[in-house]
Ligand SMILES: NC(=O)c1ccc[n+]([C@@H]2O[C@H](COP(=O)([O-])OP(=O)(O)OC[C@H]3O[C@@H](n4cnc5c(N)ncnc54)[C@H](OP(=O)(O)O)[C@@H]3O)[C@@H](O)[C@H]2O)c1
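Shown below, as structure tokens, is a lone chain in the form predicted alone; questions about how it binds or moves come after it.
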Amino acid sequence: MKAVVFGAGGMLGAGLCDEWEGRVGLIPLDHGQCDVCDRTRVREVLGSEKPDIAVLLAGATNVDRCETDPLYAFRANSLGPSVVSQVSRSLGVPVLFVSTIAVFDGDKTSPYTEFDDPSPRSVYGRSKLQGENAVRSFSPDHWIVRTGWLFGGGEKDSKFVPSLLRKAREGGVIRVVRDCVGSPTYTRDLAAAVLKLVDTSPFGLYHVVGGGPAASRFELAREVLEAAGYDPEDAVPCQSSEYPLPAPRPRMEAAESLALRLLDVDLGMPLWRDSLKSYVRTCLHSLLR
């Protein structure tokens, strides 16, 4: 299989390319190499490479910037998928689009499935939902994968896990919200599962998240600290209302796949706690105690 990967320069893109290397013929493209909103460039790439699949990972992931700069959000998360899916359809190339559990309002008291109705409250969530709708409308041959609470990347990454460990290294108490729940997911695990999904499952919408029970940000923080050799008690729970941010955060971002269960497909997602320990101890050496 040959895959063009749009957005290969991001955290998930890097993890996917590392995981797929040697198993898939990769054409990884970051934003500088191909702006997914540039129809001419997208057509040039897909027309010349003639891939078996277009993997769309490019997007705006800074949730608070999306809230204060909607044009930034909708250009990357809605227009980009529209362009890629239209060009892909004209060339007969299936599309894999990675979306987010943030398309839901977060009011549910149990994990979201593919059969729950989206109702995003943030600009980020709305822009990603519009991206999903564009892919559905313009590319009949598609997989849409919703995921969330991704961890991965290196020691200088600005995401939750390395940022938390940098705070731990500085010392003192770390306040972490306990009223937001999600399904932590390792980028490499997601990449492996998505490759299996493409090989085994029909086109459609799927939720793919780390195995095991959902966790609050506070519970995730304690697991991170323990894996890195710090005292989990350094994490102190607080309410999200104590840290008002531009974008509203869903209280429930945990997910499960009813669609895969109905198809009797097991993607083999490892327990997120096991993957987290491995990731912290092998990829974040300078941040360990």
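Since we're looking at a predicted model, the values are computed, not measured. Residue positions are given as counts along the sequence shown, with the first one as 1.
Separately, the form predicted in complex with the ligand exists; it is not shown, and the next lines address it.
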**Request:** Please check if Y112 has a heavy atom lying within 4.5 Å of any heavy atom of the ligand in the predicted complex.
**Result:** no
**Prompt:** Does S257 reach the ligand in the predicted complex if we count a contact as any heavy atom within 4.5 Å?
**Reply:** no
**Request:** Please run the contact check for S82 against the ligand in the predicted complex: heavy atoms, 4.5 angstroms, yes or no?
**Result:** no
**Request:** Although the ligand is absent from this view, report whether L267 comes within 4.5 Å of it in the predicted complex, heavy atoms only.
**Result:** no
**Item:** in the predicted complex, the residue from A76, V87, A192, L96 that sits within 4.5 Å of the ligand by heavy atoms
**Value:** A76
**Fill in**
Of D52, D69, D234, D35, the only residue with a heavy atom within 4.5 Å of the ligand in the predicted complex is D35
**Residue stretch of 259-267, 56-64, 241-249, 219-227 approaching the ligand in the predicted complex, non-hydrogen atom distance within 4.5 Å** = 56-64
**Request:** Using heavy atoms only and a 4.5 Å cut-off, decide whether all three of P118, G182 and Y206 touch the ligand in the predicted complex.
**Result:** no
**Asked** What are the residues of 135-168, in order along the chain, with a heavy atom within 4.5 Å of the ligand in the predicted complex?
**Response** T147, G148, W149, L150, K159
